[in-house]
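A single chain, nothing else alongside it, follows as C-alpha cells in the form predicted alone.
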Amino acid sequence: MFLIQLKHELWKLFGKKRTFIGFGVFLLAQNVVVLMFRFSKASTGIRRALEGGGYPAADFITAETIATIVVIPIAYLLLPLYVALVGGDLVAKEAEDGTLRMILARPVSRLRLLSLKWLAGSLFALLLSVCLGVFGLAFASLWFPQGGLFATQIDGEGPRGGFSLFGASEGLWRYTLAHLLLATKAVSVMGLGFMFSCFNMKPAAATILALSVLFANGILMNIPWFADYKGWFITHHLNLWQWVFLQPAPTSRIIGSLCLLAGFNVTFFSIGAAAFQARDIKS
C-alpha cells in the first residue's frame, strides 16, 4: 500500500505544470551558456590559466570542463529556487485547494501522509539534480570534444590554489559524484520548504521563507569576520558537492557534512510533522 500511495503522490506531483519549470529553465540556461562558450571568447580565461601553468589548453577545454562551469551558477541560484518551490507546494497547496481535508478523511495517518509527500519531493529533487548533470554534459558534448576536466576550486583550497586538473576518466567520475552529492543539497532545500509548508501558510510564503533562510545563511557565511563560524551555517554544508573537485578530495570533510545534512533533514521533517499534527485542518 505504501508504494501504491507513493505512486499516487508522484502522479500528483508530476501532473502539475509548475513541476517541470525547473527542467525547462535548466535546458534553456545550459544551452545559452554552452553556446556562449562555443561562439564567443569566453573560454579565453580558461586557456590563459592553463597555458600560464604549462598545460595544453586543447586537452582541457572539453565537454566535461564546460559542463562543470555551467553547473556552478545553476546550483547556487536556480536549483534551490525550484526545489524550494516544490517543497513549499507539497502540503500547503493541498490545504489551500481544500483537498487535504478529503485525504485525511481516509484511514491514513498524518505522519504517513507527510512521509509519502516528503519522499515524493526527494525523488523529484534527485531527478532534477541528475538531469542537470546529464543535460549539461550532453549539450556540451555537441560542441566540445571529450577529454580532461579543468575545475575551478571555488573555496580556494588545494595545492594549486585556484583550479584542479583531472584526466578524462577521473574527470567524468568526479563530475558524476559531484552531481550525486548535489542531490543532497536539493533534497535538503526541498525539506526546508516542506517544513514551512506544514505550517498554516500559503505555498508562496513557504517557498519565500525557505529561500530567505538560505540567503540569510549565505550572507552571514560570506562575511569575512564570520569565517571561523562557517561550519555553523547550513549553506556551507550544502556546497559539499564542489569539494569533489578539490585535489585531493577531503573525504572526511564530505562525510561530516553529509551527516550534518542528514541531521538537518530529520530536524526539518520533525518540526514540520509536529506543526502539522497540531493543525486543525477543518477550520
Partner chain sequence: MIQLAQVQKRFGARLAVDALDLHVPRGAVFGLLGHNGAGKSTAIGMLLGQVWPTAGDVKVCGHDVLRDRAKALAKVGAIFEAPVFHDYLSGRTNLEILSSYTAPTSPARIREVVAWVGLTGREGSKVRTYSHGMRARLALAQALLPGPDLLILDEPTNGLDPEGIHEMRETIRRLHAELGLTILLSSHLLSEVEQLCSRIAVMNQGKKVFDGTLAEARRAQSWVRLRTSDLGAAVAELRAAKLVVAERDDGAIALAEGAATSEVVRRLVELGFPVHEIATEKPTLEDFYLSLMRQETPDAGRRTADA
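Positions refer to the first chain, counted from 1. Bear in mind that the values here come from a model prediction, so they are computed numbers and not experimental data.
Quick note: we don't show the form predicted in complex with its partner chain, though the next part is all about it.
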Handout entry: its partner chain in the model of the complex: contacting segment from 142-150, 100-108, 203-211, 183-191, heavy atom within 4.5 Å
Key = 100-108
Handout entry: Partner proximity in the model of the complex: Glu94 to its partner chain, non-hydrogen atom cutoff 4.5 Å
Key = yes
Practice task
Considering only heavy atoms, tell me if Leu123 and its partner chain come within 4.5 Å of each other in the model of the complex.
Solution key: no
Exercise for the section: Please check if Phe20 has a heavy atom lying within 4.5 Å of any heavy atom of its partner chain in the model of the complex. Expected result: no
Problem - Residue contact check: Val130 to its partner chain in the model of the complex, 4.5 Å heavy atom - result: no
Practice task
May I ask whether Ala75, His236 and Asn239 all come within 4.5 angstroms of its partner chain in the model of the complex, judged by heavy atoms?
Solution key: no
Practice task
Output the sequence-ordered list of residues from 110-138 with at least one heavy atom within 4.5 Å of its partner chain in the model of the complex.
Solution key: Arg110, Leu113, Leu116
